[in-house]
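One chain follows as structure tokens, the form predicted alone.
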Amino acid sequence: MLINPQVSSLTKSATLKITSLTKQIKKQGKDVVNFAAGEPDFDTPDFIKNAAKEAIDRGFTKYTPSSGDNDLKKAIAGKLKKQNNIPVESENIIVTAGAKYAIFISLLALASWEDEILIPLPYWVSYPEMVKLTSGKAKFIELPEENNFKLTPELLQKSITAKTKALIFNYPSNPTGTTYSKKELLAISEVIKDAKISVISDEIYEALVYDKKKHTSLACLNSMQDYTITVGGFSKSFSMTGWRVGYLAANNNFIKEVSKIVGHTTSCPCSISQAAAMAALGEKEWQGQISARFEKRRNLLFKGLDKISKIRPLKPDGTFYMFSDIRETGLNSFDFCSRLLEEELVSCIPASSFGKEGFIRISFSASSEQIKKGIDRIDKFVKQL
């Protein structure tokens, strides 16, 4: 068969190689400490599962509108207005089969042949590959280590050309855990408005912010609603990764065009998952509780890694990832992660998957006991190098 060259050009990630090797070793019955996970380690809460069961029992199993169930869209709009200060209504919302799909269809609607899409580096592994599939061209903005891998207005300004169509902006960031103050976002927003480019604001980790920091949505800033596509979802903050429910919020013109893509691809998100998402939005305490749990785990992991020679962890503002510098070990990131898994049964993700060599991503989506065990094993591994 003749394959579309854009599909053939997609690269397999080292993340998948490590994940596959982890599964093989676990099948052998070995005690692997999983620091590679991109999802919470606890189950979806019962109040969400019960809502899904009730939806099945009452026959809520048919197509919903392609843009999502109207009641859920109203609830998401209400959440965005109240919690994020984004002035939207239900007609500004599209519910999608996961936040990843929301990002992809946004890119598909924005990028035509050779349009530049700016991607800060380190980046989440799927961003460049999505851009390839849209015929756009990924242009990377390398972020400075000395500034905790933060995008600055100056760096953004230097990267914009006549071909620039949009910026993908993820915060709190996967993989670095970095986030931004309102002051920092205001400065970045001025560059976006002056250049009249769009921004896909991936805020999937918005509920997981630590040290009493407050998440500010880009779209709530003056005049940014016309430039911003806000992407959110339920996977990380409600432990609903397998339910596949996300959403995007944007102005009416953009929603109208993106709705065409949804109508001809997924038709609509899963009705039962949408009922579960409705229940998630109705719970006011859950997100605060899990954020507090993750913050304790972050502190435990940072304290332990910070004592290991040749490892320099970056303390994250949010998410459940700790970006760590392993260059002093003399190993590249893939070799470090492969050997750590094979020799000490600890699974981490090489940052080469995120465009940054010499670092690894360690997930603290694991119990305190597992974190302590993993720290001891990493310490042993590094001492034996």
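In case it trips you up, residue 1 is the first one in the sequence shown, and so on. Keep in mind it's a predicted model, so treat the numbers as computed, not measured.
One more form of this protein, predicted in complex with a small molecule, exists but is not displayed; see below.
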Q. Quick one: which of 211-219, 288-296, 262-270, 91-99 gets within 4.5 Å of the small molecule in the predicted bound form, going by heavy atoms?
A. 91-99
(Q) Taking the small molecule as it sits in the predicted bound form, is residue 103 near enough to touch it, meaning that at least one heavy atom pair lies within 4.5 angstroms? (A) yes
Q: Classify residue 149 as contacting or not contacting the small molecule in the predicted bound form by the rule of any non-hydrogen atom within 4.5 angstroms, answering yes or no.
A: no
Q: Could you confirm whether residue 201 comes within 4.5 Å of the small molecule in the predicted bound form, counting heavy atoms only?
A: no
Q: Report yes if any heavy atom of residue 235 sits within 4.5 Å of a heavy atom of the small molecule in the predicted bound form; otherwise report no.
A: yes
Q: Please state whether all three residues 333, 353 and 359 have a non-hydrogen atom within 4.5 angstroms of the small molecule in the predicted bound form.
A: no
Q: Please pick, from 227, 180, 254, 124, the one residue with any non-hydrogen atom lying within 4.5 angstroms of the small molecule in the predicted bound form.
A: 124
